[in-house]
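Both blocks below hold the same protein chain, though in two forms, and each is given as structure tokens: structure 1 and structure 2.
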Structure 1
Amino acid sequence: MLDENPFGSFKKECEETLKTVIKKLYPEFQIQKLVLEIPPNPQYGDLASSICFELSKTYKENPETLASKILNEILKLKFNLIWKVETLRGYINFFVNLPKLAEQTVNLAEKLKKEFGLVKTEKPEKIIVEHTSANPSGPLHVGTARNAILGDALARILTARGHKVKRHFYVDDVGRQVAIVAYGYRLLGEPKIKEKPDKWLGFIYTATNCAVEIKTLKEKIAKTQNQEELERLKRRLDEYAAVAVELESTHKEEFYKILDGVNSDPNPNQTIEKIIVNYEKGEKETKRLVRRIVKECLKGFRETLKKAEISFDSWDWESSFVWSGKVWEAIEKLKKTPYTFTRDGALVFNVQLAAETLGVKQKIFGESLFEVPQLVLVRSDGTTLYTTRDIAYHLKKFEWADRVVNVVGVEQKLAQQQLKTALLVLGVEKALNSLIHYAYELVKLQDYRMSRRRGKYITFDELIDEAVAMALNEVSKRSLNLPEKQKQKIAKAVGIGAIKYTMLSVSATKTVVFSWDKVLNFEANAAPYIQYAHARASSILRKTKIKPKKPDYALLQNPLEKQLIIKLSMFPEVFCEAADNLKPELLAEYSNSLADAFNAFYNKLPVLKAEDKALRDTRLKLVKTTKIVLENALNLLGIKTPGKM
């Protein structure tokens, strides 16, 4: 691995050097940690250690004296990638042998090309990445887009690391939301679907839900005496009335048909529940209706995801785990443990007791002493709940997988913890460390909260279409002589790249406040900036037929060249860290800083018109390496790198 990681080799050498010397001078000193860090200023070297501050505690000498003693010993050793070592104010500063580092990096990149930096793990695992898994009752929106983009990047990164990765989409077809759509669709007389199906079904969902809410709220208001409660109900009714006005304006005829249907139904909620129960039973007519709707919705999802170049290996239907009896098998097994009991006809899982008995309470739920809420597994009417079915699903996942990464919103944290506990009860021991909830925060809108129920959301389609249109406009301004088809291709790469970068560059634990301005401002967004750096590198390489034969890396003396070489040499390390810690944002940030280094280099130093041939050849090598690294890095994030833009 070290041969494939130039900067890592340098770091390793610094570590070894320090260890050797400290062991010699202070044999009894236990090195706790030997962290080498990148100094704040290049004049302090390329890597530095503050170990002397640590030593000074034990040996009561001041760090500067210790540093010079250590330096004395270091200078007796032979170096490979280390060029020189200095001390300053107690720090030991290592300077890299730049020509050597450059040569190694460039040669590796030339040899490995698309594989450069993608260092393979020593312990390949079978990993399932479950992501997106949007409820099939309406279109993907900007929130699920964040999920899809994160999940897709994680899958790409883990695959590149040498793991066997499968991407799964969990189709949540069992449950209330889909049942509501089924109800509404039936009220409409099951018409042929004309527009994009997920969008159309999203309308039916919102309209039906709205009609049911209005009816239910009116009934409650008629019965309520409590003034405060009455006010609350009236406010909600007003909200849904507003939603109704909007729905009426888009699909008037259909909306009234649904409204009338719901109003003439003596008990709509009961009708919806009946759909849920019948579907779970696998009753023929309900099955036909629901499956039809969900299939249509998934068609819409696929179309959207295809535009974003996000694909899946498996679509796992929740219902299949119910019908195959797998859910009940799991329930029966849990029933036999001491951790379940019956309450008011429902089957309840005592998560707290199970976690404590298995000794995993702290590990799963943290240090605090709080009482873990119990989990209802089976309703008193005999139907199952989401998390129950998820248990069966995960038993299946772990039959194949060594590790399961679930890209699921942070609001489901408790459910994921309860799920993990259940799996441990059922004997899936690897779930303890290998069931990973990759939690991400929600995407919010500036003025209002997104709400599927109220039909207030920005769809992934709208987002893509707007961004691509905007990009096409920009491309047309700049590259007038390109054929239309190529312009469109570039616009797609730029527009979608901008969306993906926006989602990937913010840590998953932070809420994203969505604004059109942020995504569509290509000046501010880093994706077009990075792609531009890549296009410039490509342009240089396009313009020359020179195959640099005799580069001389000692000629690279300019700080801008140095900065670029160091950045390039760090790519394998950044990649490994991103992959092993599931941190795509590291690659986003890295790509941006590499583009910075390249753009600065490009602006100041001529490549093809360099002062002499050897220098030209050497710089050409750097350009080539930059192109390779930018491609590899962005590719891991699912972002394209067009040669022209």
Structure 2
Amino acid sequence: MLDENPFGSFKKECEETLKTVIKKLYPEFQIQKLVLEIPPNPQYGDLASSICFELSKTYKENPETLASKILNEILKLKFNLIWKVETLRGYINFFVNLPKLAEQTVNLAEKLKKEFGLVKTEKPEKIIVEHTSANPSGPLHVGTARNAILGDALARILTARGHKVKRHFYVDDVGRQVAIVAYGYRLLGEPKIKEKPDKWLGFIYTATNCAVEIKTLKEKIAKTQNQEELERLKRRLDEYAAVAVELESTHKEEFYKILDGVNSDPNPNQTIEKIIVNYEKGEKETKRLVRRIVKECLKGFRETLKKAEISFDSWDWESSFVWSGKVWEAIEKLKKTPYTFTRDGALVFNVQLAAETLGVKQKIFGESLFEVPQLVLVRSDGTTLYTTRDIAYHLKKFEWADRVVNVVGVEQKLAQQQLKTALLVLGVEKALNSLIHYAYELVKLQDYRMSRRRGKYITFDELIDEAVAMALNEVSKRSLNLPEKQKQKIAKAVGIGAIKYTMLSVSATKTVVFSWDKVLNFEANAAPYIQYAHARASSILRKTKIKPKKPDYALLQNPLEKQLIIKLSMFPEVFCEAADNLKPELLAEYSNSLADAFNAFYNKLPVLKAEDKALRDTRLKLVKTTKIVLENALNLLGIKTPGKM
């Protein structure tokens, strides 16, 4: 049976060789962690160990002397994938048997094809990945797009690793933003929605919020005596007045109808709060109104996500956990613990006391947070908060799941920590290590500041449409003779792939700065660049009807060939690390570096016109393997690989 991880096998052989020799020479030495790194220069080997520097501290010998002793013992052993071993300045350098590594990698890729590199875990889990979960009060925007793309990639990667994964969308329909939309929609007389529903409801949200803010600010200005506060309020009023002008320019009649309705309401904020209270109580008319607009908004979400080829297994309504009594069941259980108390009519959860008593404060909150904020579970008016309802939702999740991954913005860190503490109090012990807050940072657009409340944002739809249009222009310039339909299909794959790669190539903990010149780059570190490398490989394979005979990997002597072979052999290793550590950016980085290695090989070394047939056939095997690996790697990120570009 072929080993599914060629480079991993080489690495394991190096590790075991070192451990065997060190145990023989220094039996009392305890190896804490044996690290093997790829040297900065290939002439120093394919893997190197600095273990002699650790040994030097214990045995007070020069690392170079220790390395020589170890090397002498290593050379007495028999090898499989190790070709030779050398020492340099105290480092032990291992060189791989390249023909053997190439043969193993190519044979495995040809045998497994779409499964190559996707090594299955020995401990499969049931995992829920909850992502996107956008407020149903307007369209998905560029920030939400990052959430959706990250969550989809994580689900794909974990599934490929052999876990049973379910994708969940949490419909946040019990909150102020949805209540504002319901209020504005009612002021308009609940008209029939004629355009994309999430976009239309986004206008209603912004218009209603703007009208309420203007009325509220005017009332505050009339009562304020403090000059500094007065100036601050006037500046805010000017900002919303500018928003009003923009809204008037797009939907004049509807905006003024909302504005008039808000101005004729003695207390619009109180009306909105009443909608929140009535909806949570399940009052018939409010329930009908809110459910109608949320369902319409979700239609728009589904349409957008379908374009991006992102889907869900379950749409979980927040309200259902309230109306079914599950939220209050959780609250009653928490009330029976010593960690809740009443303050000014509100029910409060003492998170710090709970975390300290359970001995998990440092693990959950770290050392930096000296005092953990308390969590209000129920307001004095009897309504619950988002995190309270989230407790009931997660009790349900953990009935099935071994692990829950929540793709939620970094700003929700405290809420996720409070949630984890509450679950531990309620006896969900696995939540300590198996409730994962996959935090992500914002997306910034150059020279553009987004604000949902002010209606200043770029929608996911606009992002996709712009990317596809720009990709079509580029594809048309590069492939003049392709049929128009095929150009459009390629442009869609390239445009959407470009957006996804941009969101995934940066660690989730870092801000994405979005600029079109980098996103749609065909020359370096972008999805089109990687897709173009795949198209090149496909083109070579299309041009030949030759079925390569038995290749001779010993013929591959060029450094560019070696670089490509090693990079191909590393795919399973990178995949396992990305899956086990939830790091899709590793696959993005790997795909780009593989494209670099293949392009260098392609530009310098002839394949179909190689010096002799055996070399041609062997290089064709590398081309075919590159095509397989690029497809598999990009597929894990939700990115398509067109055969032509």
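We call the rigid core the largest set of C-alpha positions that still match within 1.5 Å between the two forms. Keep in mind it's a predicted model, so treat the numbers as computed, not measured. All residue numbers here follow the sequence of structure 1, with the first residue given the number 1.
Q: Would you check which of the pair is the form predicted in complex with the RNA?
A: Looking at both, the form predicted in complex with the RNA is number 1.
Q: Superposing on the rigid core, does the Cα of residue 513 end up 2 Å or more away between the two structures?
A: It does shift by 2 Å or more.
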